[in-house]
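One chain comes next, on its own, written out as structure tokens in the form predicted on its own.
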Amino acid sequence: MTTSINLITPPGELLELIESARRPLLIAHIAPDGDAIGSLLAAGILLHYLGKEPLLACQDRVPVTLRFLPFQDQIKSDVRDFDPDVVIAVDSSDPSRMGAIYDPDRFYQAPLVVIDHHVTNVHFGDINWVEPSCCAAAEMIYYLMRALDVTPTKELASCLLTGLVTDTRGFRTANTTARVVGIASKLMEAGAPLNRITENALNSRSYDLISLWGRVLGTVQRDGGIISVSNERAMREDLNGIIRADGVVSFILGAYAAKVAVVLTELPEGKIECSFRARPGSDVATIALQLGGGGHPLASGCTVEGTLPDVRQQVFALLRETNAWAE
């Protein structure tokens, strides 16, 4: 039996701009996850199929767990020699998420398109296609592909399915709708290997990352319904450049007492990266937004200037203002 999917239609002005573009620059957000990289690659494959000459860019390296994806080695961190006629920000809720890749003074003549699913998106583009009902930016690229009447190749389907799998944590989050499962089924029919994607993107990690997890988990604290850990720079000096303890925030949220989980990561130049996760019924996006970040009600983040103790105090004060964090 054929699964029917209620498609979301991209804005007409976006479709017209894509049709007319020749040299699009596609940008994924800093510290990219599976949805950022999967959506970036899928959009690039799609535009190349349409006869465009896209350049794919991201300030930070592709995570090791995502280097199984096709064409990931073509993502650039230097775009100084590229003159785009349109810039497309994928999976970014505000301009800072594009990092150093986007230079507004240089690209002012190229229209800026935003394709994103975060409820906290600030609509910073000339064309803003923001769909908070979507579980991932990859879901939106799927609708774009269908609107442009393109049949997915195995490579395109694999990138899209990776975005869906990672942003739903293997189809386990509250935004995993019947529509999303239907799309995943279509992508698997096109050749996307669900088992390989899940194994690489969700179940694989380096020895250095496991070592960092061990050190970070040694700092675990509980304050009512708040479970937190700290990722200090000194903890990772011998870990070959690894910075983030990827996945640990979801792990500590699994504690029975947890209603919200927080990971505070000490970055260079006096900045602290805050990653939030919450159980259904809570909303950490508003807190992240107050601190200059954004995301989803159940998964958000921000970067704050200050020392780790000071930022911890500031973050916890905001969390305690909501009774949802009390026992």
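Each residue number is its position in the shown sequence, starting from 1. The shown structure was predicted, so the numbers you read here are calculated from the model rather than taken from an experiment.
There is another form of this protein, the form predicted together with ligand 5GP, and it is not shown here; the text below is about that form.
Visitor: Here the chain is shown alone; which of 46, 299, 258, 66 has a heavy atom within 4.5 Å of ligand 5GP in the predicted complex?
Guide: Only one option qualifies, and that one is 299.
Visitor: Among 19-27, 6-14, 299-307, 313-321, which stretch sits within 4.5 Å of ligand 5GP in the predicted complex, heavy atoms only?
Guide: Heavy atoms within 4.5 Å of ligand 5GP in the predicted complex occur in 299-307.
Visitor: For ligand 5GP, considered in the predicted complex: do all three of 162, 166 and 205 come within 4.5 Å of it, counting heavy atoms only?
Guide: The answer is no: none of the three residues contacts the partner (heavy atom, 4.5 Å cut-off).
Visitor: Looking in the predicted complex, any heavy atom of residue 236 within 4.5 Å of ligand 5GP?
Guide: Although ligand 5GP is absent here, residue 236 would stay clear of it in the predicted complex, with no heavy atoms inside 4.5 Å.
Visitor: Would residue 32 show up as a contact with ligand 5GP in the predicted complex if we use heavy atoms at 4.5 Å?
Guide: No, no contact at 4.5 Å.
Visitor: Flag residue 294 as yes or no: does it have a non-hydrogen atom within 4.5 angstroms of any non-hydrogen atom of ligand 5GP in the predicted complex?
Guide: Yes, residue 294 lies within 4.5 Å of ligand 5GP in the predicted complex.
Visitor: Report whether the minimum heavy atom distance between residue 93 and ligand 5GP in the predicted complex is within 4.5 Å.
Guide: So residue 93 counts as contacting ligand 5GP.
Visitor: Using the arrangement in the predicted complex, list in sequence order the residues of 94-132 with any heavy atom within 4.5 angstroms of ligand 5GP.
Guide: Heavy-atom contacts within 4.5 Å come from 94, 97, 118.
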